[in-house]
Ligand code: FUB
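Next up is one chain by itself, shown in structure tokens, the form predicted alone.
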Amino acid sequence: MYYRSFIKPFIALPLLLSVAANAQNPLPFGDQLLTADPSAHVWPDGKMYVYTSHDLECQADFHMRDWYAFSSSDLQHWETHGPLLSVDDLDWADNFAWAPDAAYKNGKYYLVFPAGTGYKDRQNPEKSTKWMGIGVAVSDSPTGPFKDAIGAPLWTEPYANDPSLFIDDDGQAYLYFHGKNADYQVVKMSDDMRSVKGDFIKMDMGGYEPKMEGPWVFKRDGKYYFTMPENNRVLTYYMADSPTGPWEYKGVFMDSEHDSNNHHSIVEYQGQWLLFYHIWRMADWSGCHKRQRHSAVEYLHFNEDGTIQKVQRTKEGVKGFKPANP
């Protein structure tokens, strides 16, 4: 009896260590730092940069105050940068530092971010005063600090958040977003990235426009991809020959988890396509006894016709990442 109870811990310990050694998700984005809505980009220095929102521990209703970035050359070891910007730096908003995106143009780095004011009353929606808009911040460095470039949101109507910047091969920047009664719209950015030009473009989605948030647009082999959390949960996508459509719906590439929201980005790094997203997990260090959000990454693969293969969540993620094009 004593022999059996003595030997069990020594059998279990190597197994636990093996699981820990092989795990890469959630990403190691800093001690006791909760991140979500990862926006991934590869800048001229060749590194991977991921811009995220920052969840306050045990927050009741996504009351968030600042944004972070993380950089890596091997996707295994990450450097933390931030906060890059805070709602305390804004004159026009004091809350809701939600999902950001970033772009590099004209030798500058631009952070587009949602922020807002007011209060959302979930019990009595008619009493809600919450409003959100999209701002632009600029920096000479991909890791900031960023400064509010215009001291105001890009527009006040419609209510909008979840910005996604896509710069096409001709240098034209397009801003996609989630908007109140204004989903599936896009607007062109001016050349200086500090204002929009022209009217909002209502895109042709082929007759299918479910509830959505968090759009992400990218280009591969001449085809444009409009991806999103459909019904704010499952990741789905469309394809088109133009950044403004018309779009053809292609279906699901990642299922939902715990019936919780997701927010993602897709990027190619050293010949490998990657899906960054967030997962909901208990945090061992936290006194909050509920799932909280953490950033994660998986490989993304395409079929010969350009469609996206289904992605499964893994604990390993991209552990041991090796470039396809060294």
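When you see a residue number, it is the position in the sequence shown, counting from 1. If you're wondering where the values come from, they're calculated on a predicted model, not measured in any experiment.
In what follows, reference is made to the form predicted together with this ligand, a form of this protein that is not presented.
Screening 176, 98, 238, 110 for any heavy atom within 4.5 Å of this ligand in the model of the complex leaves a single hit, 98.
A residue is said to contact a partner when one of its heavy atoms sits within 4.5 Å of a partner heavy atom; residue 183 fails this definition for this ligand in the model of the complex, lying far away. This ligand in the model of the complex is approached by residue 62, whose closest heavy atom lies within 4.5 angstroms of it. In the model of the complex, this ligand sits beyond 4.5 Å of every heavy atom of residue 230.
Proximity of residue 261 to this ligand in the model of the complex: non-hydrogen atoms within 4.5 Å are present. The partner is not drawn, yet in the model of the complex one stretch among 216-224, 201-209, 98-106, 136-144 has residues with heavy atoms inside 4.5 Å of this ligand: 98-106. Shown here without this ligand, the chain has only 293 in 290-306 lying with a heavy atom within 4.5 Å of that partner in the model of the complex.
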